[in-house]
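Have a look below at one chain only, the form predicted on its own, in structure tokens format.
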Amino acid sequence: MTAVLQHPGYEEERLQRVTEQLPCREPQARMLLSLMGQPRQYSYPSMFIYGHRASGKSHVMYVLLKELELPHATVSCVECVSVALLFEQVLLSFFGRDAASLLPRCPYLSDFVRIYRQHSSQCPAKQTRYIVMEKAELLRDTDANLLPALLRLQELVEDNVTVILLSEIVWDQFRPNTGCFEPLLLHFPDYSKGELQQILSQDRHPSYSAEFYSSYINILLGVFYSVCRDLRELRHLCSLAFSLMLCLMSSVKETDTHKLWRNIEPHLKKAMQTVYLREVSSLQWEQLQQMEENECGAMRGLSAHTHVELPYYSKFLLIAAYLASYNPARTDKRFFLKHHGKIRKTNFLKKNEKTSNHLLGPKPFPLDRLLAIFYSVVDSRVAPTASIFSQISSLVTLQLLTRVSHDDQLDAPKYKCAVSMDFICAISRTVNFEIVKYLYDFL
């Protein structure tokens, strides 16, 4: 049983509700309460809360501010694309529409401080006001004086206000070069496997026993925990795969966990290959369930590679990466030059190339080779612009490409293609490119 949070400045009933809504995050909530102090006390001017995605940063802050009824302004740095929107959101949350309307069209920081001080003197804070900045790493791209000013806003506006920055990166990569006021740092670690099971088990349907749903969550985490520890992604997968589990229940008893695992494991492992791409949609799981009910042989199209939406040039970049990973470098002349002369396949064979390259797995390739193949296979002439390089970074982010060189190796980075043969064939069909003709193993 988790201990209820305790704080002399708040009612026990409110703290009880906070504890119930923050499973496995009681230590962080307790630390935040101690840093915030009692409602009427001056809190620390700024705090920096960091941790990986879906580690509970925003949820903990939202529950504390809502249940304890603390005055606050929540600002999303993704939505506030300009400084004017940021200032307007803060003034609107604390002082209403009249204060926000006093901002000029292109406000400076001095305008915001002047209006804030004017209204805070008319309506002094009875308790600490909190400004929560979500995705705060985007503040690094704004004016150079904005972040240092927010960190010491309490001093500038002479009001009991605390700025809380939520970010996925560490403070060392966040700190301005010119120096600034150092905030209090609080780290939110990733959920452990046991904590994920405890949180996901709370979403069970009341029609099923807690033991059965806990066994189901244990099966799912046994497959996905090694590749995905994002709570939101896992919760999405739990809701999709549970219908498949219910389909298998027609022939398997609830207590027969081993048989359930044996039946559902192959389907979960296929879904694991594209977990972050969200290729496994609700519709595809419904189709899979119909296939199970009709006993239609092997599974086809669980990953639904033909439904992956990529930009036009990104598809050719991925095709070029696949060719660079599975073709020996010395065969590029044979495939991509018009007047290469007669070259026999036996001239290329070495001891390590007598085995199929697809059996040996993808090999790393440099960036210049990827671009050379890309410009050879793409239909139209493409200039080497920043857009092409940004699409390569996007493919790495989507885990379709893997960077194998060190981050400090900027002059000649190396990559490796991370997609299967079926995937690249489906992508090639969408751009009418016959990739089999360009693969050395299929000559």
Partner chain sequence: MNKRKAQDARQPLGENVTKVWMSPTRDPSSPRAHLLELLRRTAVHGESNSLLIVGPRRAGKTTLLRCVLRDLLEDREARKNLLQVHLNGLLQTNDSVALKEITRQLRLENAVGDKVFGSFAENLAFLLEALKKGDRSSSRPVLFVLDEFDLFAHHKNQTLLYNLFDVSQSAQTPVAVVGLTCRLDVLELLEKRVKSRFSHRQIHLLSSPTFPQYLERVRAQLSLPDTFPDVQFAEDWNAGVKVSRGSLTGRSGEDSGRVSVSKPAIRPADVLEASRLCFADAKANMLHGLSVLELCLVIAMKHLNDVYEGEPFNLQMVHNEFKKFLQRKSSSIYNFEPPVVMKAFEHLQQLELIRPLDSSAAKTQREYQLMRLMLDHSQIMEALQKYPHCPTDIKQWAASAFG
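The term rigid core refers to the maximal set of C-alpha atoms that superpose within 1.5 Å between the two forms. Numbering follows the first chain given and starts at 1. What you are looking at is a predicted structure, and each value in this text was computed from that prediction instead of being measured.
The discussion below concerns the form predicted together with its partner chain, not included here.
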item: All of G96, Y216 and P266 with a heavy atom within 4.5 Å of its partner chain in the model of the complex; value: no
item: Heavy atom within 4.5 Å of its partner chain in the model of the complex - the one residue of C247, A149, L260, I319 that qualifies; value: A149
item: Heavy atom within 4.5 Å of its partner chain in the model of the complex - residue from L103, V170, L367, V83; value: V170
item: Contact flag, R114 vs its partner chain in the model of the complex, heavy atom cut 4.5 Å; value: yes
item: Close approach of N145 to its partner chain in the model of the complex, 4.5 Å, heavy atom; value: yes
item: Touches its partner chain in the model of the complex: R403 (any heavy atom, 4.5 Å); value: yes
item: Contact flag, H358 vs its partner chain in the model of the complex, heavy atom cut 4.5 Å; value: yes
item: Partner-proximal stretch of 327-335, 195-203, 68-76, 179-187 relative to its partner chain in the model of the complex, 4.5 angstroms, heavy atom; value: 179-187
item: Sequence-ordered list of residues in 79-109 near its partner chain in the model of the complex, where near means a heavy atom within 4.5 Å; value: Y108, L109
item: Core-superposed comparison between the shown form and the other one, K363 Cα displacement 2 Å or beyond; value: yes
item: Core fit, then Y326 C-alpha moves 2 Å or more between the shown form and the other one; value: yes
item: Core-aligned CA displacement of L15 at least 2 Å between the shown form and the other one; value: no
